[in-house]
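Form predicted on its own, single chain, as structure tokens, below.
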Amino acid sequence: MTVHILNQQTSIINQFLSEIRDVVIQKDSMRFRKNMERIGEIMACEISKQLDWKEKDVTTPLGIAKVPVLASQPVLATILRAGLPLHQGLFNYFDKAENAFISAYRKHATDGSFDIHIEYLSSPSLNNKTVLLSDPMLASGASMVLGYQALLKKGNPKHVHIVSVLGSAEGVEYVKNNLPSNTTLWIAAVDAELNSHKYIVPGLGDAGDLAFGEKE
């Protein structure tokens, strides 16, 4: 698996990362969602460079221009609910894409441990298609791997691009060790620590709660 960590270069993505991490700025849920969306747009632009293109004749008012266009649109898949703003950013650029949605949740035991379960999947056929699977937080990596495995029920993709905003070093290693070679990880930043509750440190908190409000 190839891994691209976008904040390792000077880029406007670092400005958006600083704001979604900031304990004061992130209280504005609309701005938090918008910054997640903006990061998705940057990811879409970077990923587009690795997709298949073809040349097309476009009629202008003064002649014919030969321009490269996407040979086909990818399928955009996301893990609910936290993935929705990031998914929207990708969808803003791949605006003719098919879409897939996965519902995953933590089932907690009395001792405080938990397992991740897939509850719902809605997806078109994925046979021989390029898929962008997004989830903003790559903590342990388990939900991303389970989401990928769930998508395989809808066919065998040609290539899968995993899209995350913030991950732990442990989570990155987990997906590298548990996903096949025809996957690429795109992530804005990687933090070193994952605490006992499987939250990224320093991280940013719960992306779903920050985007959509706290849940019971």
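What you see is a predicted model, and the numbers here were worked out from it, not measured in a lab. The first residue of the shown sequence is 1; numbering continues from there.
Although it is not shown, the form predicted together with ligand URA is what the next lines describe.
Participant: Report whether the minimum heavy atom distance between residue 79 and ligand URA in the predicted bound form is within 4.5 Å.
Facilitator: No, no contact at 4.5 Å.
Participant: So, residue 206 and ligand URA: in the predicted bound form, are they within 4.5 Å at any heavy atom pair?
Facilitator: So residue 206 counts as contacting ligand URA.
Participant: So, in the predicted bound form, is residue 139 in contact with ligand URA at a 4.5 angstroms heavy atom limit?
Facilitator: Residue 139: yes, in contact with ligand URA in the predicted bound form.
Participant: At the 4.5 Å heavy atom threshold, is residue 20 in contact with ligand URA in the predicted bound form?
Facilitator: Contact check for residue 20: no, nothing within 4.5 Å of ligand URA in the predicted bound form.
Participant: Can you tell me which of 67-75, 94-102, 117-125, 131-139 lies within 4.5 Å of ligand URA in the predicted bound form, counting heavy atoms only?
Facilitator: Among the listed stretches, the partner-contacting one is 131-139.
Participant: With ligand URA taken in the predicted bound form, which residues across 188-206 come within 4.5 angstroms through any non-hydrogen atom?
Facilitator: Read in sequence order, the residues that approach ligand URA (within 4.5 Å, in the predicted bound form) are 198, 199, 200, 205, 206.
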